[in-house]
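A lone chain, given as structure tokens: the form predicted on its own.
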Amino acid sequence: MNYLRLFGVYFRVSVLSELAYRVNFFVQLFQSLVELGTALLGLAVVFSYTNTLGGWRPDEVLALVGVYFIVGGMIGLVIQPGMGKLIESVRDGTLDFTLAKPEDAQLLVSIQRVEIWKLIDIVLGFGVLATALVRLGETVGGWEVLSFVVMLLTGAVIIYSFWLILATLSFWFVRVENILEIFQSVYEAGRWPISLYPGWMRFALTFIIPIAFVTTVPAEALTGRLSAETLLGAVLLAALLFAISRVLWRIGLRQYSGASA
């Protein structure tokens, strides 16, 4: 509850800050609608030539697009801005101010910046997902919904841990922002079913850059494609990555010399 209270404080501060520039809402809305429209237009073009894509039907891919926007919104809402700020603070020494606070430093750097307008992507994603569920009809039952929620939360832990691992590289290397930008570009591959890609790329997007567990696997849960083995594997991977990110964070802090060094 204390963590939620802290996040609420940072969220309120971000809201007050962003309300001073309300035109940003319309800019973000326009960008999100253009991106969503482009994605839906791409689906329409593809399925005008085929009935399935990597074994996925149109409504199932539509659900995947919804998950893609939801997770992308979560990344843009708190993960990406927080990790970007962490890299900057390590480089200029201002991480000292965070380390001096009485709460866990990893928690503070993770929620220190919130881009509230990214909530638009999350809302649009749930809208697309709801549309897909209506079109899928009775094929989605209670187990599918429950496993989807579990996989969505698991995917959030995986993506957070992966971003934190990349961001902690800033304790050893001067500039790592480009790595985060590359990841953001690779994330766009999650808009399509992982089964669509050749074998080597499926392996890379599953075990090297775990995009599949973030977008495709939650969508598989909703469409009844998720096996118990995949569900268990995703949960174990999330736990492993979180543990690794925590260990690297602690090791990285020992390398940090601060602004006064």
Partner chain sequence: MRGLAALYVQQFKTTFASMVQYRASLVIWMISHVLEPLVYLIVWSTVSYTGGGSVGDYTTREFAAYFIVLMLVNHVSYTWIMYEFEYRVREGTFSVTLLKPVHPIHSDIADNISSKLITLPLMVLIALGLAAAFHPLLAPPMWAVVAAIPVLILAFMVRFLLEWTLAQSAFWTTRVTAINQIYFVLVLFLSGQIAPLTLFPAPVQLVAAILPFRWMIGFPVELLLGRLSPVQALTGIGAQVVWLAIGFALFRIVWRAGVRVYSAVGA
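All values derive from a computational prediction rather than experimental measurement. Numbering follows the first chain given and starts at 1.
Another form, the form predicted in complex with its partner chain, is not on view; read the next lines as being about it.
Annotated contact segment (heavy atom within 4.5 Å of its partner chain in the model of the complex): 196-204, selected among 214-222, 58-66, 232-240, 196-204. With respect to its partner chain in the model of the complex, the three residues F30, T50 and I182 uniformly fall within 4.5 angstroms at the level of their nearest heavy atom. Not displayed here, its partner chain is approached by N24 to within 4.5 Å at the level of heavy atoms in the model of the complex.
By the criterion of a heavy atom within 4.5 Å, V45 is counted among the residues contacting its partner chain in the model of the complex. Within this chain, R191 lines the site of its partner chain in the model of the complex, having a heavy atom no more than 4.5 Å away. The closest heavy atom approach of V186 to its partner chain in the model of the complex falls within 4.5 Å. Interface residues of 142-173, taken as those with a heavy atom within 4.5 Å of its partner chain in the model of the complex (partner not displayed), are absent.
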